[in-house]
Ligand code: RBF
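Below, in structure tokens: the form predicted on its own, a single chain.
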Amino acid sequence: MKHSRLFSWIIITSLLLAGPALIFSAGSGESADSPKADKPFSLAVIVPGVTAGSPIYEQLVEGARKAIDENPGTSMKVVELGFNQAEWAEKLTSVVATGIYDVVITSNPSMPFVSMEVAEQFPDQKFIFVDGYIDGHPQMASYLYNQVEQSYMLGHLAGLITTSSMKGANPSLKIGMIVAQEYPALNKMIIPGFEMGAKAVNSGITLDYRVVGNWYDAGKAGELAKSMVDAEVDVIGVVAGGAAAGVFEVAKLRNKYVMYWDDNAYAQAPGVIAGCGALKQAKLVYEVVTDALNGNIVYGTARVLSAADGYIEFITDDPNYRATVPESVREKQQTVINAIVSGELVLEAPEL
């Protein structure tokens, strides 16, 4: 009996002494089953290129930053992959391998495919793609803009201008398009949409199409633009990142017009940029990052976004647009914009 009471006293004393340590351990929130239970949310924003000079990537960072700033204790890191696409997968792997980030968000139609091997190596990593499409992968959620709609609106205005009596327009019915590089969304949505919109004005309009080869060589883009203008092109669509500056310069010198994708760029070349389509990338990224923070992203799903959803628009309220394009042309353009937004004119996004 005496030995039993002594043993009980030893056990109780040991538990009391261990109590603070047990309490401290419980408060840390760390366990083998839930290593991230109390870990603050951390986001990696992957820019496949560089941020500066690319409206779509600037909006990617802007939208993510807004969501993170509204949620104290969360964090984000922006990683630029640079222009060498051969290095993208390796650089992305080095980011994911740290194990720091709850979610990786990026923006580019090619990024779901670049990320496939990385996802296989790190099956716990979650990915969100905006301006990209992949369906059914349990680690990935994607949001694709229906670029056929944006491109059709820009092509329609190009068609109206080339058939007009506006200064710089000629009777040749030729429009042009200068792009940085080819990729599925460009080939399957942007170019067809642009050409379709122009031909809706006049079926005799032809498209002169050129590729720069990168997203930064403004000199080469300018040379391509000169060649187009010499061939009697009077409106040039440009999807070329920083290289677009070369097209702006030539169009200004030769009294021609430019159509611009993804952002409001009228102020960059007043009187030259006659039409701007816009993707509401900052809005979308803010919404999806907020959903990710709150655990509301359904991975394994893909969504296609349209003008009717409020993520694609043609910018008509900029004073430079009104100053450059005559009212009679703007009225015809507005009719097409209204038809797309209302759903009267349906332009399906193809599979990429």
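No experiment lies behind these values; they were computed from the predicted model shown. When you see a residue number, it is the position in the sequence shown, counting from 1.
Although it is not shown, the form predicted in complex with ligand RBF is what the next lines describe.
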- Which of Asp208, Asp262, Glu80, Glu223 has a heavy atom within 4.5 Å of ligand RBF in the model of the complex? Asp262
- Partner-contacting position among Asn146, Ser115, Ser142, Asn108 - heavy atom within 4.5 Å of ligand RBF in the model of the complex: Asn108
- Query: Taking Pro48, Tyr57 and Trp215 together, does each of them reach ligand RBF in the model of the complex with some heavy atom inside 4.5 Å?
  - Reply: yes
- Task: May I ask you to state whether Thr162 is within 4.5 Å of ligand RBF in the model of the complex, using heavy atom distances?
- Result: no
- Item | Touches ligand RBF in the model of the complex: Gly246 (any heavy atom, 4.5 Å) | no
- Query: Is there a heavy atom of Tyr183 no more than 4.5 Å from a heavy atom of ligand RBF in the model of the complex?
  - Reply: yes
- Message: Contact with ligand RBF in the model of the complex for Gln85, defined as at least one heavy atom pair within 4.5 Å: yes or no?
- Response: yes
- Partner-facing stretch of 121-129, 94-102, 269-277, 175-183, counted where any non-hydrogen atom is within 4.5 angstroms of ligand RBF in the model of the complex: 175-183
